[in-house]
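Single chain ahead, written as structure tokens, the form predicted alone.
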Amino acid sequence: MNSMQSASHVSMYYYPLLFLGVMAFIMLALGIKVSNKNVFAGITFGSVLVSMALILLNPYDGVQVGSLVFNTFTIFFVVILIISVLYVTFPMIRGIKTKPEIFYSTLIFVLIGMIIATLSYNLIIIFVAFEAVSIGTYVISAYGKEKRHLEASTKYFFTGTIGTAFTVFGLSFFYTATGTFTLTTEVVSSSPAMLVALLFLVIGFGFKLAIFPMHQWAIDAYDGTENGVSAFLSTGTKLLAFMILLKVLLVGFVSDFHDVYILFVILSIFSMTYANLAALSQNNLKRLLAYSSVAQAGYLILVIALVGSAGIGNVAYVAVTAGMFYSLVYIFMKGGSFLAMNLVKKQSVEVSDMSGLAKKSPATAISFAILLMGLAGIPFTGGFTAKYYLFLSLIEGNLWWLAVIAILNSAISVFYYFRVIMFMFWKDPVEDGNFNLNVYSKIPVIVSAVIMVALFFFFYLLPTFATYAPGLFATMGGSI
């Protein structure tokens, strides 16, 4: 391969990112003449779809371009994050009052940061890209004309900056112990500085993943932002933080796996138990879903605890595969549940506001019930399959007692999810005209439910995902 061919070969991997950046600036310019929200939503949706096609068309079986690594594992999470943006593009129209071009161009800039952070194994690039994502999400969280939007964004911003400070400290201690910021070489160091780095990095990224006790911002931010923004924050940014933690802790802290195991067993148990118990007493439906989101993060980080216990091998691959499938299912069951808040005309939705939804729109009520059952892990939903494989991997890794704790927590969650279902099917409507049952509110919920049921029968995807999982560790030793 000559130098010109090589340059051309390399540059095509940057085309999707360049294309998204150009489209974002075009939308900003278009905003001078156009103010139709549907136009900008359509441009965003089309641009993101094109970028996904460009990414998938490039060879990505172990290709390294600069510090970006293109393999089946990283591309899987890139696609997951792109879906999280596509999923909320049109539902977000409801919450935009003015300047749609700024909202949607910011959303695209956020996606660019997410893709770079997902592909990179360099801690500095991951940090910068992650901060770009954070700044963008602070902006879209404040979108709207109500005081509660600004309040939610302010709380989110201040807690986010605390998380950033911990991340910076963690990175500095990591460099002190290893002499490098890259995760593409075999970094083996066991020292007090590595333990401090582990603690600080977990706290820093834990704020974004909203795990106990760094979860407080999530409850107010999800409750105060528009429903589409809540759906995006609880899926896209959360899964990005989960993916980064997988890379940083399971590749960068090989020599400290025992500490990773101890730390994440504690964090997962507290996240699941505290959030599920707190959700039991919630009457505000968005806050109930926010606590549910914290509990779901507790299930997700079981993957990190298990790999920390078992080490890199077949059990680790099974655990990472389970986490990958859980991430895919999570977008639809959690995102769809937050978008279901659009079914009620009120901004602050109580559980009782769902009373009589089955009489007004049976298909929508059944769909929302399916999403809630997915979150609880009830059979015939993708949520059941995801939890089944997650708990099975724990048993295979001889952490059966942790699987029992997780199953008991799932049993607790059934009570508050079925409380919402009871109001939908066995209570009369609180007042006439309480529901907002236009096609834009119903379609996202119904489509999410259909995908949730389909994912239950798509369990045969797991062997395919199992071939992707080793890609997480493939950069160790300096090889891809």
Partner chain sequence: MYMLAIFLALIVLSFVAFFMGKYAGAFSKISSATIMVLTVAYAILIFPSRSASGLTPINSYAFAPGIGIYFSIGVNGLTISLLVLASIVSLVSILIADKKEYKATFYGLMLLTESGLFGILLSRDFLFFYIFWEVVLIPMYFIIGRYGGQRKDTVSLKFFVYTHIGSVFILLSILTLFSFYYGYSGSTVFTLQMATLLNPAFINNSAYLPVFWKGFMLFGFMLGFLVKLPSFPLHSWLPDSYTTSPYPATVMLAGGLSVMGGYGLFGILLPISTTIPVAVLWVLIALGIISLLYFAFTAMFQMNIKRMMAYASASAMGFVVIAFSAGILDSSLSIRNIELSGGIFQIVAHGIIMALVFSTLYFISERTGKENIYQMGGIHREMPWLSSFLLGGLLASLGLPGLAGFIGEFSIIAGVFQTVGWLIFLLILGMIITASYHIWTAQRALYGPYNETLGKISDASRKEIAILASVTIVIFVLGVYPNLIFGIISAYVGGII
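Small disclaimer: the values here were computed from a predicted structure and weren't measured. Numbering follows the first chain given and starts at 1.
Not on display, but discussed next: the form predicted together with the partner chain.
A.B. asks: Using a 4.5 Å heavy atom cut-off, state whether Ile421 contacts the partner chain in the predicted complex.
C.D. replies: Heavy-atom contact with the partner chain at 4.5 Å: present for Ile421.
A.B. asks: Residue-level contact is defined here as any heavy atom of the residue lying within 4.5 Å of the partner chain in the predicted complex; does Tyr15 satisfy this criterion?
C.D. replies: Outside the cut-off, so no.
A.B. asks: Is it the case that Leu408, even though its partner is missing from this view, gets within 4.5 Å of the partner chain in the predicted complex, heavy atoms only?
C.D. replies: Yes, contact at 4.5 Å.
A.B. asks: Using heavy atoms and a 4.5 Å limit, would one call Phe391 a contact residue for the partner chain in the predicted complex?
C.D. replies: Taking the distances in the predicted complex, the answer for Phe391 is yes, it comes within 4.5 Å of the partner chain.
A.B. asks: Within 4.5 angstroms, counting heavy atoms, which one of the listed stretches 438 to 446, 23 to 31, 451 to 459, 39 to 47 is next to the partner chain in the predicted complex?
C.D. replies: Among the candidates, contact is made by 451 to 459.
A.B. asks: In the predicted complex, do Phe109, Ile124 and Trp217 all put a heavy atom within 4.5 Å of the partner chain?
C.D. replies: None of them does, since no heavy atom lies within 4.5 Å of the partner.
A.B. asks: Of Ile93, Val404, Ala193, Ile262, which one comes within 4.5 Å of the partner chain in the predicted complex, counting heavy atoms only?
C.D. replies: Exactly one listed residue reaches within 4.5 Å, namely Val404.
A.B. asks: Going by heavy atom distances of 4.5 angstroms or less, which of Met373, Val251, Leu285, Ile203 would be at the interface with the partner chain in the predicted complex?
C.D. replies: Only one listed residue qualifies here, and that residue is Met373.
A.B. asks: Listed by sequence position, which residues of 296 to 324 have a non-hydrogen atom within 4.5 angstroms of the partner chain in the predicted complex?
C.D. replies: Residues within 4.5 Å: none.
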